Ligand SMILES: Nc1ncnc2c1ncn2[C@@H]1O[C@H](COP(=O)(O)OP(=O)(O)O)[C@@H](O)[C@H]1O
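A single chain, nothing else alongside it, follows as structure tokens in the form predicted alone.
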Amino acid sequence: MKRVKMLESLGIDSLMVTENGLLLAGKGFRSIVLVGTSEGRLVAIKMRRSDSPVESMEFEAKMLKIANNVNVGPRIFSYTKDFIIMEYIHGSDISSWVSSLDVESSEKLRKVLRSCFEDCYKLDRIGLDHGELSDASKHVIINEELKPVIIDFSNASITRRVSNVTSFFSYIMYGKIASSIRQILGIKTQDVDLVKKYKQHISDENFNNLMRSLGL
């Protein structure tokens, strides 16, 4: 009951339900994500689990707010130690989305990958490391407008060395969707030296050289 009152104080009008109960958009060992409405719009409600190893979600919320400053991530509306209220992103995880493509979808894939790399670069430039983009399948959603959105900043950091671009590069080149991407884009080899140069010195020049090597 206490949490219900807290949600009401945060402007939540209702929670979406299915025949099996509350609509669950995500579930982890720290939190679950519900879908609700606020002022007539759908919102994602990230709620700390009662058995969560973390005592507050405020740090994650602050990391997301920093990302929002460069237009990355779902827009955050409000938060407490138990809740993060943010924009609801309707779409498919990047792994499922890529798996649904065929060889005639190369331009669509290029556009999405380029956009995701640009968001990764924005985070690199401000010193915010997402921390989990080496397995982006759970952390990038392709929305209905074919815009990739990086989600879940629970393991983000502003103190460790950033590796967003290089982690996402590893994911698309060596992860579970690598073979599909190589086939659709016709990528046979990649210049690892360009990745090393970018890692050593994050700059527009090194980023653009890396993108050109991928045909993006």
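What you see is a predicted model; the values in this text were computed from it and never measured. Sequential numbering from 1, following the sequence displayed.
Omitted from view is the form predicted together with the ligand, to which the following refers.
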message: I need to confirm a contact call. Of Met86, Leu128, Cys120, Ala136, which residue comes within 4.5 Å of the ligand in the model of the complex, counting heavy atoms only?
response: Met86
Proximity to the ligand in the model of the complex, single hit among Ile141, Leu113, Val98, Val72 (heavy atom within 4.5 Å): Ile141
Close approach of Arg161 to the ligand in the model of the complex, 4.5 Å, heavy atom: no
query: So in the model of the complex, does any heavy atom of Arg30 sit within 4.5 Å of the ligand?
result: yes
task: Evaluate Ala44 for contact with the ligand in the model of the complex, applying a 4.5 angstroms cut-off between non-hydrogen atoms, and reply yes or no.
output: yes
task: Give a yes/no on whether Ala25 approaches the ligand to within 4.5 Å in the model of the complex, heavy atoms considered.
output: yes
message: Given a 4.5 Å distance limit between heavy atoms, list every residue of 151-184 close to the ligand in the model of the complex, or none if there are none.
response: Ile151, Asp152, Ser154
